[in-house]
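Before any questions on how it binds or moves, here is one chain, the form predicted alone, in structure tokens.
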Amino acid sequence: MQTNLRGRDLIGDLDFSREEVETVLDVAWDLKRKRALGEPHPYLRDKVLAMLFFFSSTRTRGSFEAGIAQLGGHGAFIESTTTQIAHGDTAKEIGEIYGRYFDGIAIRHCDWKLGNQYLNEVARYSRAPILNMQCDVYHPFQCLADLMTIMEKKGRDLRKKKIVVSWAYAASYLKPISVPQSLILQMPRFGMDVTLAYPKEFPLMPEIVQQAQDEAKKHHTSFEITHNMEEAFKDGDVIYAKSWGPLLTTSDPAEGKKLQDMYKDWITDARKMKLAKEDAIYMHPLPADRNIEVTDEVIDGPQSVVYDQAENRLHAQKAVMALTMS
């Protein structure tokens, strides 16, 4: 167990070593047990977390706000539009000032080519740890909850288990690419074979893909890319299919929507799930575009673990807060 996480930032998935992630998971399971038993665990009594949102949220806000309260602290919800950020407050000033007011700063900023840069700029000037609630490059807390959920369903030894990280069609806005990028970075470190599937106009960042390939090589796992959804699903143990925008092809919403609409058949339905292993689980970070991205039959079916996955956001985030903000 690694115990040197106090004061550390978590911005990218590789900021914590594999051993440090294992520590986070051990603490998360202990906190989950304590909550189930009704045991108080106020490890962050009198600590305050700033939760700065540039991007709307359901699960992220709810789980962080509930989590810091259950740890005995307080979460200050701050929407960027209610601050002076639009009128001149720089990332340096947020880091310098909020780093003095608060014991931790959690930020959600998903604007393409801006979010991750902003988080790192705040971190440069903050004396308090910076926690990435999702940016344009990474979604580390979602990925920790995903890993926790997979281990609960498939066992802690994930070697030779196949995770399918697939694009799926969605009719709504062009979603960030941070969830699939975090998944392909983290899962090889725990022995999983990764198959990444997407239409050719929807690639991920080349440098992230290269890092994922390097992690797979280092940990002796496989990493494959295909542009065929059905091919990807074959023999999958974990099916993680969600939409993301063609941000490396175009950042124009209208052009992106045209590209997106070319692939309406990339839907997770019962027929495709039958291509995976019989005991495969279906995962999605939510919200999903029902009967467009995934059918009700699948997301509400016996293979779906989306609500356990959402719950584990709470426990994984509490673990990181307890370890970094104490």
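Since the structure is predicted, the reported quantities are computational estimates derived from the model, not experimental observations. So that there is no doubt, residue numbering starts at 1 and follows the sequence shown.
Below, we refer to the form predicted together with a small molecule, which is not included among the displayed structures.
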Please check if R59 has a heavy atom lying within 4.5 Å of any heavy atom of the small molecule in the predicted bound form. yes
Contact of G67 with the small molecule in the predicted bound form (heavy atom, 4.5 Å): no
Taking 4.5 angstroms as the cut-off for heavy atoms, does I299 touch the small molecule in the predicted bound form? no
Can you tell me if H109 lies within 4.5 angstroms of the small molecule in the predicted bound form, counting non-hydrogen atoms only? no
So the small molecule isn't shown here. In the predicted bound form, which residue out of L275, V48, I292, L286 has a non-hydrogen atom within 4.5 Å of it? L286
Name the residue from S126, Q142, T221, S166 that puts a heavy atom within 4.5 Å of the small molecule in the predicted bound form. Q142
In contact with the small molecule in the predicted bound form (heavy atoms, 4.5 Å), from 98 to 106, 80 to 88, 134 to 142, 150 to 158, is stretch 134 to 142
